[in-house]
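Form predicted on its own, single chain, as structure tokens, below.
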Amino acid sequence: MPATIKGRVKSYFRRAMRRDDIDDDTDIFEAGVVDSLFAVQLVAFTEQEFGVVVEDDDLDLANFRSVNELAEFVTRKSALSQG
């Protein structure tokens, strides 16, 4: 299993979407490769995989639209919970 946050997010995207052509900056919502059900699953994955709480204010597509954006979001949330 990939050890980095980005690696774990990328692995999940590939596994859940069954696609290997998702780049780190690909906007998965704009590309139309996901639907609203996947968005809910993505929030659940984020909370379970990284032990962070996704609050109402965090439910912004900007936090979840790409591998890089989600990895940065998890890094920020983890830092807040430790500080």
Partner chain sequence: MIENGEPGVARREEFRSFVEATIAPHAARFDREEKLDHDVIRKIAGAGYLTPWLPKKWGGEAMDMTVYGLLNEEVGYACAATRSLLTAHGMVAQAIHRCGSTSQRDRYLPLLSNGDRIAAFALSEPAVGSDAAHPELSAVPVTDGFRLQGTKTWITLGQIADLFLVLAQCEGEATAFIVDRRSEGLSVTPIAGMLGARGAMLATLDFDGCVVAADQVLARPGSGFSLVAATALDHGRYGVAWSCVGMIRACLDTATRYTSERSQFGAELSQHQLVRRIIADMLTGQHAADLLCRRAGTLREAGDPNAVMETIIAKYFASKAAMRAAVDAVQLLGANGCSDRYPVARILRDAKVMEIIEGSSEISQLSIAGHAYRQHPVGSGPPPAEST
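Residue numbers count along the first chain shown, from 1. Small disclaimer: the values here were computed from a predicted structure and weren't measured.
The following text describes the form predicted in complex with the partner chain, which does not appear among the structures shown.
- Although the partner is absent from this view, F50 stays clear of the partner chain in the model of the complex, with no non-hydrogen atom inside 4.5 angstroms.
- A residue is said to contact a partner when one of its heavy atoms sits within 4.5 Å of a partner heavy atom; D56 meets this definition for the partner chain in the model of the complex.
- Heavy atoms of D60 reach within 4.5 Å of the partner chain in the model of the complex, making it an interface residue.
- Contact annotation: Y12 falls within 4.5 Å of the partner chain in the model of the complex, judged by heavy atom distances.
- Heavy atoms closer than or equal to 4.5 Å to the partner chain in the model of the complex belong, across 11-35, to the residues Y12, R15, A16, M17, R18, V33, V34, D35, ordered by sequence position.
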